[in-house]
Each structure stands twice: as C-alpha cells, then as structure tokens.
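A lone chain, given as structure tokens: the form predicted alone.
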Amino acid sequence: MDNENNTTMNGTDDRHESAATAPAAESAPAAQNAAPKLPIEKLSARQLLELDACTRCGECSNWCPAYDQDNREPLTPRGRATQFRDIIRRQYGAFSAESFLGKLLGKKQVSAQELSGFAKDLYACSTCMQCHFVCPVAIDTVELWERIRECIVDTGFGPLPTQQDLVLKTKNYDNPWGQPRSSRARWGKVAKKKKRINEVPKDISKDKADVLYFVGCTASYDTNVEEVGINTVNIFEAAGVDYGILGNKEKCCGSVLLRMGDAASFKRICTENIEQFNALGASTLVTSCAGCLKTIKEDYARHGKLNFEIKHTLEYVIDLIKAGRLKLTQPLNMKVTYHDPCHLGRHAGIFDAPRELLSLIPGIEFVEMERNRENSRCCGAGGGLKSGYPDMQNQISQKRVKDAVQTGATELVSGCPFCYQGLQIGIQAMDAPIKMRDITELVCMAMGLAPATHEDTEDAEE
C-alpha cells in the first residue's frame, strides 16, 4: 500500500521526534552496562513461538502507520519481532551470551543502550492492529507488543518519559489528564447551566438504573470533546432511557496503563472497576469511547466476570431505533464518510453497526474512504503514540484526513472521542475543508434536537 515519504517535512530523520532520537526512560540503567534480563515468562508459549512464526515477508511494512512516517526497519512489526527475538536469545538458552557456546560463537551481551533503543522503537506504535490483519500467519501482534512492553516496564526501560506522565496521572488521579476526581462530573453541571441538557444525569450509585453510561476520561475532561457526552445524554433523555452515570466516582477504564505496559496498575484499577460495576445492578453498560469499550469488554474478562452487557453508544442507539423509542425524521442532506476507530473496528470487530446507523439517518449520502473497515488507516492517537511522538501522530492524522477529503465528503464522522481528538489535529493542521463530527451529533440532528457541537463547547467555556 502507500508507503511514500511525506514531502511536506524535511526528510525522514527530522520529520518528528524520531524513535531513534527520543529520550530514554529516566529510570533506565547506565548505557554502558549490560541490560537486565527481560522477564520472558510474561509471554505465553504461543507468543514465543509467534516470534519464530514471522515469515519476514514484510507485508506489515506496507501498512504500518509509524513506518509510513519513519522508514526504518526497527519500526516495522517484522523488525520489532526480529530484534526482540535476538535480544532474548542472547539472554537465555544454550547460545546466550553468557553460555559457553555463546562465548565460543562470539555472542555479545545485550547492553542497556541497545535495550533502551529497542524500547524507543517499541513505543513508536499506535497498537492499531493493522499488522495482524495483513499478516499471512495471523500473528496476534498487539497482544505480543503489549506483553513485550510489560517486560520493558519491569526492567525500567519504559514507558518513555513523555508517556510516563500519562501513566502517573492515571495512577494518581484515575484519569490521564491529571484532573481532580472531584471535577469529573463538572461537564454535566456546566451543560445544564448553559441549557445544553435539561438535567444533570443521576448518580447511579445512589439511584439505581437499568443502564450505566460510562462517559470515559476524554469526554469528561476535554472540553473540546465533551459534546459527545452531552449529545448522548440528550438522546437517552429523548428515548426515555433509565440510565445514570457514576459522576465523580467514575475511574479511568485503565486502557492507558495496559497499552503502556503497566500491567500491575491496570489489574488494580480493572479489579476495582469490576467490583464497582457489578454492585450497581445495571443490565447494560454503554460507552461512547472505543478504547473504553475494547478494554472493558475484552481485557476486563481476563480479570473477572461482568454481570451486565457492554455496548457502544451507536449499537445501543440502533437498538432504541428498532424498538421504536427513537425517531430519525429530519433529513440532514450531508455527504458523509466514516472513520473506523481501531479499538472499535479491528479490535472489537464492530464494522457494520456504524454504517447501519448512518443508513438510518435520512438525507445522508454515505461514501467510503478507500481504506475502510479492517484496512482503515489509523488516526495515530492510540497506544501512547500521541504522547510519545506527537509530530508523528499529527502526520498520521493528516494522511487519514486526506483520505476523507478525497471522497468529496463534507463531514468526517467517527464513534470515538480519542479519534475525534486525533483527527481534529489533522484537520486543523491542514485547514482541511471537512468537519469532524461524532456520530451522536448526527443522531441528535436527525431527531430534530439541537446537537452540541465543538463550536458550542468553545462558546460555553467559562
């Protein structure tokens, strides 16, 4: 596919803070010392076999968004697997650098500098899962990268300094924004004051409800994306949904911790959330965030049983429409294209639902981007890439926005606050002639409601 260099920047080496020059983790041992052994027991037998299963065909290189911006082999999934395999073979086994045979064959010890360089390249990845879908032997690449990141964290070489801030804030404040827990529900109070919602959603921990609306950190704290929560509340109110939110008791789903390799901290927050969720007695958890959906629905299952159904907002809205509780009667007369969030699409397998919902909105002319569904281009915001390599994320986002503009659409729609945020960066950087919208905004418009928009949020800021 498209692996062309980006001619808008000044060559490969200075197009962003490249993985080759990113700062090492502050806690990494002195570079001249031998690196500590990686705890490979964190990897399953299957994952260790997958390192050898890689055929070195290079198909992943043709699709990798990070390699598309920085054409170095260590950034490719193939290069990453090869380098990690070489490191553990020099640390373990009959031919390790410390063994008699290893010394006889001139095997070199893995240095701290080498491991630090590997870590920088390892975190130059959005964990988009595109490599898994194009791999001829279907290696479960994202699971592999996340387990390897655990090994890197345990040895003190990860995450990168700019990513450590996200991890620390999530651990200390239960959100990656580092905002006070007491202000998590502020968006609802401000929205009511500005008459953007009729009532502040009730506290489900005090007043039981059938549906728990899990707002998520981005829609709760980022004023540029809070319209996602506001529109969802207005949809639920119009449909008479018996729902509530956790308000200030809501915690991060922990996705940031898991993707960065801090498995211990993720397990803690995951276990606490499972206990809290199950105690509510709700039959369904609904979330507007693709990352929260993937984490709660798939990753939580490894740590405990959930006694409720988990749905993305757009799936739940379709249910409401089919039950006759929502009527979409207002034609929108828009030309729309849809961006598949990685966590909603490739990770959770939800491709048809958003397209079905768009087909139920009258007046919409829907056009697909050339790369869609399983082959959708990543927005670059996930996996810690945005915090570790913001310029790379910006360029990846711009590539996706170009895909959207080429369709002739006037509206770029998605179902993830993080993608909304990431793609908005590309739109603004390019001054692109397309508007970013969350799918809930279109639903409100088709219902005849006044939708909350990004412009409304800017006007309403205090």
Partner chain sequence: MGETTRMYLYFEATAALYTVTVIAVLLCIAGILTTLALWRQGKARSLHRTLNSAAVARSFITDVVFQAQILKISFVRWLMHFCIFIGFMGLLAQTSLMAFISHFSAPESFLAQSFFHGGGSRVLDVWGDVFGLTMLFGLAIAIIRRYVVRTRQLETIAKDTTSLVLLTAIGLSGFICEAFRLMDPQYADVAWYSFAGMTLSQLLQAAGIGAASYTAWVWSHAVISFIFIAFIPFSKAWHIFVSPIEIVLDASERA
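All of these numbers come straight from a predicted model, not from anything done at the bench. Residue numbers count along the first chain shown, from 1.
Here the subject shifts to the form predicted in complex with the partner chain, a form of this protein not shown in this document.
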- Item | Any non-hydrogen atom of Thr82 within 4.5 angstroms of the partner chain in the predicted complex | yes
- Item | Proximity of Ser359 to the partner chain in the predicted complex, heavy atoms at 4.5 Å | no
- Message: So in the predicted complex, is the partner chain close enough to Gln428 to count as touching (4.5 Å, heavy atoms)?
- Response: no
- Task: Look up in the predicted complex whether Glu73 has a non-hydrogen atom within 4.5 angstroms of the partner chain, and give yes or no.
- Result: yes
- in the predicted complex, the residue from Ile139, Ile204, Leu166, Ile350 that sits within 4.5 Å of the partner chain by heavy atoms: Ile139
- Query: Between the options Tyr92, Tyr173, Phe366, Tyr300, which residue brings a heavy atom to within 4.5 Å of the partner chain in the predicted complex?
  - Reply: Tyr92
- Task: Spot the stretch among 398-406, 57-65, 428-436, 412-420 with residues whose non-hydrogen atoms come within 4.5 Å of the partner chain in the predicted complex.
- Result: 57-65
- Any chance all of Ala53, Met129 and Val134 sit within 4.5 Å of the partner chain in the predicted complex, going by non-hydrogen atoms? yes
